[in-house]
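Each of two forms of one protein chain follows alone as structure tokens, named structure 1 and structure 2.
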Structure 1
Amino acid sequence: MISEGKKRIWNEYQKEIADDHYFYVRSCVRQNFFPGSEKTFLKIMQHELGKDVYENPSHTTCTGIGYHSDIVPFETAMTVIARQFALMTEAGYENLVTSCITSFGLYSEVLETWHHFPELLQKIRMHLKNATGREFNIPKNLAHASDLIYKFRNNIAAKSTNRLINKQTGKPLKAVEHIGCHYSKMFPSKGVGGAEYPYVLIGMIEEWGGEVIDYPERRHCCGFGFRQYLVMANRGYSIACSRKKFESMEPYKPDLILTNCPGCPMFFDRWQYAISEMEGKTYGENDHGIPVLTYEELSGLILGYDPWDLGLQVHQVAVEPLLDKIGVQYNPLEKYQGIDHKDLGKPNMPSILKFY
């Protein structure tokens, strides 16, 4: 009875994720932070899994950063998003997948608003028609890109060449997972596991052989929060949030941090460098930081992709210690080479944090 009750409760934390035929919208900032992640997602979905994923080069930002920074009015944001839905409708798709957590949260907010205030939906339809001549259908299924990697994590494992196992010890690698706030804290029912038990990244880590580490500040914000960083005077609060998490996870000696948000990995990665310069403090082994990966980057490593093709050389925290533990094959001489092996030059070495 207890087991059946637990299963029934857990079912309430699940979400429907479409099986195929996705209209994909990229993030406006991710390509600047981690340029290989979205390309890797498309490669995995289309070529490894054989899924139909379409993106329209005419899609735009969702306005999420401007909206959450009180710059873009809500009706303007809704009209911009309605245009994205129109592009999806015109392409013949019904399932929309976002790359960005903030987009996912804002799309969820817009759809919930229209559900409760249908008269506002009609007003936005009129705005879009007057401005662009377009009409749209509401998506039948809205998912975040990490939902899809989670959904097909078993398929990825079946094709894997690497596991989250330390090659030297044979033990599972210790992974810290960090869920973007806009994934499940805004609308818990929209994320796998809700706000209390978010499972979307845990499922990947466990399926691919790793061990998930629990620690006191596991659900604490990374420190981005838009107003906490976009306003320069608030940036001390931003780095303090990340530092609080690093200090909390450090005793458990994690091998990596896995995230599903554009901002979170950027701040966890860059702030480790900043803290090392400010305080002479590092959180990884031997003066290295703790490597921070996006779920696409980790998926690519599991599938045996070249780490430099994944864009891991642009991370502030060196990934080589993690690659060595997993047993990933890589050429260190190609880390800073561009097209046709053109030498791009090495970045300056940080004062404390080991980078190469």
Structure 2
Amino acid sequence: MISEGKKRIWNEYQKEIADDHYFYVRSCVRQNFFPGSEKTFLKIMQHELGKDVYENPSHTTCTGIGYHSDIVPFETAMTVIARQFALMTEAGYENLVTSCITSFGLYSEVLETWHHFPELLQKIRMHLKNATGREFNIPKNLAHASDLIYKFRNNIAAKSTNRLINKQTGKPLKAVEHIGCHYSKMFPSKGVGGAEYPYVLIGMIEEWGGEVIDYPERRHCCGFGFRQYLVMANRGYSIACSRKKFESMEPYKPDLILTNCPGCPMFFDRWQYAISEMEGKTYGENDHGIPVLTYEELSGLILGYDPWDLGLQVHQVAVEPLLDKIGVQYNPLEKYQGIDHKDLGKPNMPSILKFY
């Protein structure tokens, strides 16, 4: 590997990321999949970095799931997104940041469409006005939340209590980074580092002391693919995609998988369980899986947050081996306790995949 070659490409794909004052739009599914992630993002941005991040409770889905499942027509999607822009404009913000990769992709697609077809923008303005009486400005800056964590990765490192270093051996932890397809495959210039060698997550891993694995199936999709997963009969396709990636990364012995999409961590995490039950195969050490984290969860660990506050107990692949390597302090007895020690209930144990 010639690292200079990658740096040359990364230099060609530097996007502008606003410095402060963001209007934040959430993901439809992440609060179910990884309930601590968005809260952690807000905590880091507002309390650690002192940034102004505003969210409006009346914002809705961007319709991305429906759009990519062929249920919601593009014009409807554009009008719904125009409404989010109206909420942003009314609140006095100009920079929009999305939690979801598919939202980021769809927002980018809508802005690009309006850029090339201004008459469509006029039409959507009219639709929104007729339907809601609202008007809007186009955001000056559109970013994905992982762009912001990337931008402030040094500030996070400066405040960190943990690093991606194996406490026992002193060696960097090996991380697989997986970028959501809709982050930069459609518009390479909208993603930090482009589409072939995206840098957004690599930047975090390297800054926080870890080592990135470049494995052959790095570019392959996790297999979520919306309509593939949503129809149960098609899930064999979805799981086959994830397995292809696990088989490819396994020889490198990764300590964790880091993601920036709602679907990818969900499927990497859950499919490892499903594969273990279907084929008896596990991909981590000693019948463990490979822990899968969102970038917010990883940032939280680096900043020394309690893993159970980050929501790591809802992962299907046990995160404890990773926590032990990093040297994160945690109380195993509190794993299934919610706020005020409320008992969350303990899940059934898998038959093969080791879980705590």
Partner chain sequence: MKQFGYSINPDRQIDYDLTDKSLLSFIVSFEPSLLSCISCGTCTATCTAGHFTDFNIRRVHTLLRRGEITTLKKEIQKCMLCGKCQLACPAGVNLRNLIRSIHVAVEKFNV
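The first residue in the sequence of structure 1 is number 1, and each one after it adds one. This is a predicted model, so every value here is computed, not measured. For clarity, a rigid core is taken as the largest C-alpha set superposing within 1.5 Å between two forms.
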| property | result |
| --- | --- |
| Form selected (criterion: the form predicted alone) | 1 |
| CA of E16, rigid core aligned, shift of 2 Å or more between structure 1 and structure 2 | no |
| After fitting the core, L333 CA displacement of 2 Å or more between structure 1 and structure 2 | no |
| Following rigid core superposition, Cα shift of L344 between structure 1 and structure 2 in Å | 2.6 |
